[in-house]
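Starting off, we have a lone chain in the form predicted alone, written out as structure tokens.
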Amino acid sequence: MKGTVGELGEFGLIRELTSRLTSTPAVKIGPGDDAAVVTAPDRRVVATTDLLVEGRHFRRDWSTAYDVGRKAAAQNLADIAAMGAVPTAVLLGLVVPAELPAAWPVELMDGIRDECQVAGAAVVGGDVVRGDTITVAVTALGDLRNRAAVTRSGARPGDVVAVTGWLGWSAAGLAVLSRGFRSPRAFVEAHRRPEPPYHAGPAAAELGATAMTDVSDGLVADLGHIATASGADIDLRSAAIDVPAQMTDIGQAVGVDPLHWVLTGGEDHAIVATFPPDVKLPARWRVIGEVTTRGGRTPQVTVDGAPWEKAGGWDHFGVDA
């Protein structure tokens, strides 16, 4: 597509974006009206929203518009799955400069659409406005299908901690990109386009998960939310956590302990959950620790019985953000 967003105009851009969308049976009224209508058979709607800002969450010299779209959708759809729900719909809020090539938001929408298809959802509406900085705001909806939501507050002493999905891959890919390289490609792609195990959230709910979250800010940080909400400690066993050989090679090349990426790197959107100890978990789940009795005033996450002393985990208002 030639020209800029400004040349295409607001309504021309909206026509281009919506013309590329697909639907699902859950969508009764999609884009084009004052609001969308999506079925909610459970009579409850799981909802989440997130923002990506250029220069803060993505760089156009590192990621294509399609990559950004896949990532923007994935981080929201993963939150839906982490509640034990099935994703149904996504709404997009988009801020773009008038001089931005019109092909960029079109490719972004292609990425969002394709990631929604992976999760079984559809884009049902949104808004486009002019601004100085590209900002992508995604709201995702989901259906619990008559299950109880799996929150962060249900972990109990004696539960096992298990994870499915990748850990540390996005952080390793970011380290590679930050040093001007583009390989190993698998890790760079993991940073550009995370692949959350969407199916695992509802499946964990069926298995009896007591608490659950996706790993968006880092394993220790996100399990810390579960520990705090549940009023219990969590201890991880480093020997049980997979560190791929190629990640070890990257760590040696850049002078980083790869376990640091695995424990503190976010944006892989793996699913981590706690389960009663007698639950038989499928092979896709790896048991990496256990919930223990709260030993101090503040619930904490330890690694091999000791606090994880190295900095890590993402805080948007932290000193390194």
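All residue numbers refer to positions in the sequence shown, first residue = 1. Remember, it's a predicted structure, so these values are computed and weren't measured experimentally.
Keep in mind that the form predicted in complex with a further copy of the same chain is not shown, yet the notes after this line are about it.
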| property | result |
| --- | --- |
| Interface membership of residue 127, a further copy of the same chain in the model of the complex, 4.5 Å heavy atom rule | yes |
| Proximity of residue 149 to a further copy of the same chain in the model of the complex, heavy atoms at 4.5 Å | yes |
| 4.5 angstroms heavy atom contact with a further copy of the same chain in the model of the complex for residue 118 | no |
| Contact label in the model of the complex: residue 64 to a further copy of the same chain, heavy atom within 4.5 Å | no |
| The single option of 47, 281, 254, 259 touching a further copy of the same chain in the model of the complex, heavy atom within 4.5 Å | 47 |
| Residue (of 122, 250, 144, 163) lying close to a further copy of the same chain in the model of the complex, criterion heavy atoms within 4.5 Å | 144 |
| Which of 37 to 45, 285 to 293, 66 to 74, 259 to 267 sits within 4.5 Å of a further copy of the same chain in the model of the complex, heavy atom basis | 37 to 45 |
| Heavy atom contacts to a further copy of the same chain in the model of the complex at 4.5 Å, residues of 205 to 241 in sequence order | 212, 213, 214, 217, 225 |
